[in-house]
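The form predicted alone is given below as one chain in structure tokens.
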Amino acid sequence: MTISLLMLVGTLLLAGGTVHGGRAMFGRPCCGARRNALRIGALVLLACDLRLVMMNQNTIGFAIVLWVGTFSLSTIATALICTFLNWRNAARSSTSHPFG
């Protein structure tokens, strides 16, 4: 069970479409139109990944279960990436202001 690149990019885009994820990835929250564009792009990538998984498996039920499992792993990886980016941004902002 491996995480595909489409799924990882899709979950990163989905996280970027939120206020906190956008702040972690882009340094500031995104506006409403950009958040919607990121969410739509994420859903398209995730749907394409689901379709590819369904084409490669014999049964649709097994393909959906496999996709949900890899989606959960990709979500955990995205959460770890966003946590690291938040930590890095906080470390940068604390060192750039010596008196604050």
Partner chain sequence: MAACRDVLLRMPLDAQGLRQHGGHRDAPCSGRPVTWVDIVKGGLRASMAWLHNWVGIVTGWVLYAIALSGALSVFRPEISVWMRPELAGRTAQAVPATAAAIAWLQAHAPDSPAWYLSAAGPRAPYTWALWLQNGHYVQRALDPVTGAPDGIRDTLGGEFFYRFHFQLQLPYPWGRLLAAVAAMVLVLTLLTGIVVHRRIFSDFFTFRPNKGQRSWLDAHNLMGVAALPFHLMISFTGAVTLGTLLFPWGIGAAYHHAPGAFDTDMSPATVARPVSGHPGTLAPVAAMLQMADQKLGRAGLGQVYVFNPKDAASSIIITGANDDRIGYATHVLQIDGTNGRLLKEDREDRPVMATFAVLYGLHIARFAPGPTRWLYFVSGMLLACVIASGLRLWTIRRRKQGRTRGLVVMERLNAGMIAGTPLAFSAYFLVNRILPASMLARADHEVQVVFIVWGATLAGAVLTPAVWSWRILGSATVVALAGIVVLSAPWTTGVEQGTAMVATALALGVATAISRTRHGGISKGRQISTSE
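Positions refer to the first chain, counted from 1. None of the values given here were measured: they were computed from a predicted structure.
Not on display, but discussed next: the form predicted together with the partner chain.
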Contact between G27 and the partner chain in the predicted bound form at 4.5 Å, heavy atoms? no
My question is simply whether C31 lines the interface with the partner chain in the predicted bound form - judged by any non-hydrogen atom within 4.5 Å. no
L14: heavy atom within 4.5 Å of the partner chain in the predicted bound form? yes
4.5 Å heavy atom contact, N36 to the partner chain in the predicted bound form: no
Does the trio H20, L66 and L73 actually contact the partner chain in the predicted bound form, every residue with a heavy atom within 4.5 Å? yes
